[in-house]
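Just the one chain here, laid out as structure tokens, in the form predicted on its own.
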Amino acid sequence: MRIDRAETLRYLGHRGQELSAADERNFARAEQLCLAAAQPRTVWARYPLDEDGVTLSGAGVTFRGNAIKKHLSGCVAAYVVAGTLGLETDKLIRRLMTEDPAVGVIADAAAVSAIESVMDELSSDIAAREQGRITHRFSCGYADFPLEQQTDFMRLLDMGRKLGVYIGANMLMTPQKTVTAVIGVRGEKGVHGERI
């Protein structure tokens, strides 16, 4: 796990202005505190896709929306994945927002960079397992992929028990720095012409 300063600045809406010495100190403190508080964990499951291209075979889940259907076009399987930084990161950000808001705002953005880094590492591991034949991550809430399908991820990945992640009535997850996504596995012709 790492924090990419450029990504943190992008999340903050930075437009290339020079950082002051005070800004540099705030960034360094926020990054250090985030890295110390984070307890990154991930979980994943791989499912074959039915002929419709959006139903996880044997899982009782069909992804809804044209965007995810397009995303999984040409795929024969899909990974459902999740990762979190844990509750201590949420607690840190809440505390900093009260005690030192300037650092708190930076810490919040730095934590987004950190969870993206965790998910990038997981994607790289999956790419290695699948000889690179994967799509990028696609999450609920993108385009017309319903946020309500977070509940399917919760069930399929047993996120409460395995990650300590829970979902509210508004479909937002706790801890807040948690990501779920679908990664498709592209098909290719096998030696006998079947898709593998």
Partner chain sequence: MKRDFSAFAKKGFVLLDGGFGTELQKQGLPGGVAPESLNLSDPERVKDIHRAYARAGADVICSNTFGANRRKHTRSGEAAALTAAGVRLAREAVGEDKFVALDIGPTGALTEPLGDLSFEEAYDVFREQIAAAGEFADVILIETMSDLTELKAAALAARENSSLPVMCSMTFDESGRTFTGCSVECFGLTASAYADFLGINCSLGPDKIFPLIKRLLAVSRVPVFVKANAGLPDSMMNYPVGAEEFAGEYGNYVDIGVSVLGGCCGTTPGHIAAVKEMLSAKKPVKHDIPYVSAVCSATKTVFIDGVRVVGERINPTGKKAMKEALLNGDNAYIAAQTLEQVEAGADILDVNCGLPGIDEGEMLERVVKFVGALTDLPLQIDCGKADAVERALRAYTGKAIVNSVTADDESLDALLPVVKKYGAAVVGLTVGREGVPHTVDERLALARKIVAAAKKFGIPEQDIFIDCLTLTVGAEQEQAMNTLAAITAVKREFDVRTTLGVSNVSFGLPARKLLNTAFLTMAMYAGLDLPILNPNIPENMQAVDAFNVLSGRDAGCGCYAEKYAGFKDAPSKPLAAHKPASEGAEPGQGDAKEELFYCISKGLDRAVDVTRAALAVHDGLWVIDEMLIPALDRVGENYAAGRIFLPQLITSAETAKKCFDEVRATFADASGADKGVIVLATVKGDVHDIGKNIVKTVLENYGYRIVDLGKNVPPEEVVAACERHSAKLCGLSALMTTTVDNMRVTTEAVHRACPQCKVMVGGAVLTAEYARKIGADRYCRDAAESARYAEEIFADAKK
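Residue numbers count along the first chain shown, from 1. Here the structure is a predicted model, which means the values were calculated and not measured.
Here the subject shifts to the form predicted in complex with the partner chain, a form of this protein not shown in this document.
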| item | value |
| --- | --- |
| Complete contact of R15, D90 and I106 with the partner chain in the predicted complex (any heavy atom, 4.5 Å) | yes |
| Answer range among 64-72, 155-163, 130-138, 29-37 for contact with the partner chain, defined in the predicted complex as heavy atoms within 4.5 Å | 155-163 |
| Close approach of I167 to the partner chain in the predicted complex, 4.5 Å, heavy atom | yes |
| Close approach of L9 to the partner chain in the predicted complex, 4.5 Å, heavy atom | yes |
| Neighbours of the partner chain in the predicted complex among 36-58 [non-hydrogen atom within 4.5 angstroms] | R41, G58 |
